[in-house]
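Read the single chain below, which is given as structure tokens and is the form predicted on its own.
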Amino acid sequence: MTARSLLAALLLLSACQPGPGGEERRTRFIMGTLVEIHLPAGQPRGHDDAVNLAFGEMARLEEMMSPHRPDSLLSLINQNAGGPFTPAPAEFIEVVRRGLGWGKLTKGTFRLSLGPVVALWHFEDPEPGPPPAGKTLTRALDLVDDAAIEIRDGQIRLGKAGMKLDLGAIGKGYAVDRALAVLAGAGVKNALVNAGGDLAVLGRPAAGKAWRVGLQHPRKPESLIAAFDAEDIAVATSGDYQRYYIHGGVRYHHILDPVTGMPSMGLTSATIVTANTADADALATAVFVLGRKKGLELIESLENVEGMVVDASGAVAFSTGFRRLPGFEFMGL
């Protein structure tokens, strides 16, 4: 068992224990990560059922959007690439449309059709081996074409045989938003949902006290770079420390540049704060690939979006309004 899996196991063992003052933290492994739902004391009767429903909603979306399940809707669409349209529910189409929108806004830095390239990397394998290269990588890059993703009358089609949708940079954020919506619909007024760095908060945990969000140091997991207070907001971080391996003395991580098919090397982490987790998730990925200068320019061009980046030299940079977030505190590097 690795250190990472041991930590997950320890968290799972304590996940259903109520915290001090009646607080409750529950944890499940969904979408390839540990998902935590934190409810402060004073929730309405039946909140336990609401938490189960929220976890169930995320699991349902995972069944639909997982590339690892041969029976998922995503897998079916990928299997039909170059062939017929595949019927898809409105929520799935919403995620795809939103992803395509971010692709256009970022001029292709964010792409849903990156699946063929992602499939060449094996970050989950015990020994992933050398990175893809040569004709294998070139052929996969030729299939990365968001313009060939067609949506018509509640159906989706990939226009080229061999294309693959990959929703990894937006689907988890969407699932967090849906989990929070399920909790709110059940009468829960204060909650936090965290799925491996994609986080959304509802209300406040206590009167006069906001949720406190800390941002992890990309090279010192026990340390924080910055912290701020959050209420009814979403946060997502993309970092090169989340999934990576080292081969031949080189560190390869899972955030791929759609142009080269290789890990983007300019930043070590990018954090986005905005209204919903799906957009924060997609933007964090796009900003990471764009790098410090262009990434911050993109953030500054958007309303109600703030961001923080840490570059490869260890320098930290913030968007104009990030330091004005409530309760902002910078711990340094």
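One rule holds for the numbers: they count along the sequence shown, beginning at 1. Keep in mind the model is a prediction, meaning the values are calculated, not measured.
Keep in mind the form predicted together with adenosine monophosphate is missing from the figure; the text below concerns it.
Look at 285-293, 302-310, 29-37, 47-55: in the predicted bound form, residues with non-hydrogen atoms within 4.5 angstroms of adenosine monophosphate sit in 285-293. Site annotation in the predicted bound form: the residue of Pro218, Pro116, Gly197, Gly168 reaching within 4.5 Å of adenosine monophosphate with a heavy atom is Gly168. Of the residues given (His254, Arg139, Lys189, Lys160), His254 alone sits with a heavy atom within 4.5 Å of adenosine monophosphate in the predicted bound form. Although the partner is absent here, Ser75 is not a contact residue: none of its heavy atoms lies within 4.5 angstroms of adenosine monophosphate in the predicted bound form.
Taking the partner from the other structure, adenosine monophosphate in the predicted bound form has no heavy atom within 4.5 Å of any heavy atom of Trp211. Interface residue remark: Phe110 is counted as part of the site for adenosine monophosphate in the predicted bound form, having a heavy atom within 4.5 Å. At a distance threshold of 4.5 angstroms between non-hydrogen atoms, Gln155 is out of contact with adenosine monophosphate in the predicted bound form.
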